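Shown below, as structure tokens, is a lone chain in the form predicted on its own; questions about how it binds or moves come after it.
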Amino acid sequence: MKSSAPGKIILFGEHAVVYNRPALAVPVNQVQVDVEILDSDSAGVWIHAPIIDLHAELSTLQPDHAIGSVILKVLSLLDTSPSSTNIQINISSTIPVASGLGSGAAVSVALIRALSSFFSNPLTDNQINELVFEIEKLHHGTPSGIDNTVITFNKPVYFIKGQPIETFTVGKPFTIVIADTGIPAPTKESVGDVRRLWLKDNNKFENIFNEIAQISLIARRSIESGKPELLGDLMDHNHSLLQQLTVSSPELDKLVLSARDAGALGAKLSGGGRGGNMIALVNQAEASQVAESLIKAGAKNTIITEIK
């Protein structure tokens, strides 16, 4: 039994989304997690995930281990005892870890899909989404819910915490270059730092979140109405607000400026910040040139993706 799940990238609204403002995110199908489940001759549930150098039997993992806890939750939901199950789970991924591309949520989605299908009890997208959100709490403390939603449904999402999920359509395809700083970006830390700032100066930070909310709303309208070229200025504005939230970094700022200098229509950090990824809106003809400039400016890796 095989299953896969895409990566994701946040276009607008990161951090503000934790404070009930909207965010926009889209799937990135150029990278993905693949999970394969096989019957095994060895007793127990064996997990092979070379990406994180994990080769172990389920019962030897800590109870809060991200992958182990997903498997335990699903088996319990399916009323299946791990001790009487002999399977091998192979997990491979092309999504960089801790870079804002949703690698944790993608592993969970692919794993839950594969397990529930293997045991002939496939779960609905809504069930998978709820389950992955519970797992995300282990990774991120107070996750927004955006990673699990975009990756489970594999569609662009307009997301407000605690409100029904809205997927939306892209009026006209557009191209984005994603560049990885190569610096791991644990979301939990930057989210915690923003919370401390917000507690100290509520008014100032509520105003910043309101501005980001406006950007997300205008961005959605621009995408739906087939005017993606308007996203460039919105990205530039959103990046300056994220700098005020202290979640950018010298490396991210350097890549953002390099992208703009190379002809990008706009650029910003994406995700938790302090490392991880930045994104640049480009005309398709200039995508390779912008990607090359980003590598020269220090990016460890780039992905050119068409949002459609």
Ligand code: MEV
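Throughout, we count residues from 1 along the sequence that is shown. Predicted model only: the values in this text are computed from it and were never measured.
Missing here is the form predicted together with the ligand; even so, the following discussion is about that form.
Of the residues 87, 191, 234, 131, just one reaches the ligand in the model of the complex with a heavy atom at 4.5 Å or closer; this is 191. Of the residues given (181, 144, 238, 152), 144 alone sits with a heavy atom within 4.5 Å of the ligand in the model of the complex. Stretch 265-273 is the answer when you ask which of 29-37, 252-260, 265-273, 50-58 has residues with heavy atoms within 4.5 Å of the ligand in the model of the complex. Taking the partner from elsewhere, residue 10 is found to have a heavy atom lying within 4.5 Å of the ligand in the model of the complex.
For residue 17, a non-hydrogen atom is located within 4.5 Å of the ligand in the model of the complex, even though that partner is not displayed.
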